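Only one chain is given next, in structure tokens, and it is the form predicted alone.
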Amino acid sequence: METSFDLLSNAVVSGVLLGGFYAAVTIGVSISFGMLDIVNIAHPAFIILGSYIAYIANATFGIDPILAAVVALPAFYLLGVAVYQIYYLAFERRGEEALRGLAFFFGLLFITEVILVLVFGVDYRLVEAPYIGPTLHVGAVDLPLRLLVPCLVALALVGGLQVFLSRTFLGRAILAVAQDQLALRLMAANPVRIKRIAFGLSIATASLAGAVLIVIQPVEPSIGRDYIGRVFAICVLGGMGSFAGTLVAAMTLGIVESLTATFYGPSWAPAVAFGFLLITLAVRPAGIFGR
């Protein structure tokens, strides 16, 4: 009985830590898709790009991967601003963002993968850091640092963005552009400029998410495809544009996957997790924190 309880406790804790990672990779989609209504299916490709930036900094200069991701945040923000400007001029301004815009982001996903394959090949890459390997033991519960540190980084990322959106004028403008662009214009703010900034922020989060990913597991250029379904599922499950909902949904999905993998086998985890998603949305279509 005690062994079963220990197994259950470790599965739940592992699920929470895994959920922190899911929150980190989803928060950017919560901004672009949940707030701006931009279906950026290329977001996982930007995350993998962040992983390779962290890998280069770590392998070449011995820089901690998460620190490297923090340093790269401004570059990823500018990349996001540039991508949105192209998207706006080519599609959104003409009202063609639905299908053609989706094709644009699919093309970005494909091009990014191809470039990474040409530069780095298809071999898995990994990083080195003092917290990759050691495990904290709290009673019968194990806390692998390679999962704990990324989870803490994810919580800091979500918390920082929530404070920014709720406490600053620019943050409230981003919330307004998602709800009422006419009211935003009446406040003498340019919705396109606000959306450009918001999309830049969504891509900037990919830098940290990429570092978190490569800390947890080795990466190769196409691994981002494994997370496309999950990130949009978590975004919808949590409630469109809700950071608190994203965090709760990510933790919930992580726990469900961890429990399923522990007691029924890893191959069942994705099916059960998405089954849980469908049941939840059937009961509450707007998501956990949706209005």
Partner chain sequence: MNGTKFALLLMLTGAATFGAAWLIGNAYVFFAGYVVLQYIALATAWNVLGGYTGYVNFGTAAFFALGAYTTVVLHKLTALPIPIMMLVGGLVSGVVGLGTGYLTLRLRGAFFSIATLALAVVVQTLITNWNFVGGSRGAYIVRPPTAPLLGIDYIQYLFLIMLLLVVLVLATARAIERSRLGYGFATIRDDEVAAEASGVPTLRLKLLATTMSGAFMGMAGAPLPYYVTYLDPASGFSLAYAVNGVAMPLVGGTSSWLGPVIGAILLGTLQQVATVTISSALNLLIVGLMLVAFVIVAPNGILGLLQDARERFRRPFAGRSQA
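Positions refer to the first chain, counted from 1. Just so we're on the same page, rigid core means the largest C-alpha set that superposes within 1.5 Å between forms. Source: prediction; values computed, not measured.
Not on display, but discussed next: the form predicted together with its partner chain.
Although the partner is absent here, F91 lies within 4.5 Å of its partner chain in the predicted bound form, judged by heavy atoms. In the predicted bound form, its partner chain sits within 4.5 Å of a heavy atom of L108. Taking non-hydrogen atoms only, F33 approaches its partner chain to within 4.5 angstroms in the predicted bound form. Contact between A59 and its partner chain in the predicted bound form is not found at the 4.5 Å heavy atom cutoff. Checked against its partner chain in the predicted bound form, the candidates L78, L102, A156, L126 yield a single residue with a heavy atom inside 4.5 Å, and that residue is L102. Between its partner chain and the residues I41, I255, I53, V248, the one pair within 4.5 Å by heavy atoms in the predicted bound form involves I41.
Residues placing heavy atoms within 4.5 Å of its partner chain in the predicted bound form fall in a single listed stretch, namely 112-120, out of 203-211, 169-177, 144-152, 112-120. Site residues D226, G229 and L281 are all in contact with its partner chain in the predicted bound form, judged by any heavy atom within 4.5 Å. Heavy atoms closer than or equal to 4.5 Å to its partner chain in the predicted bound form belong, across 254-282, to the residues S267, W268, P270, A271, F274, L277, L278, L281, A282, ordered by sequence position. Superposed on the core, the two forms differ at L277: its CA moves 2 Å or more between this form and the one not shown. After superposing the rigid core, the Cα of G265 is displaced by 2 Å or more between this form and the one not shown.
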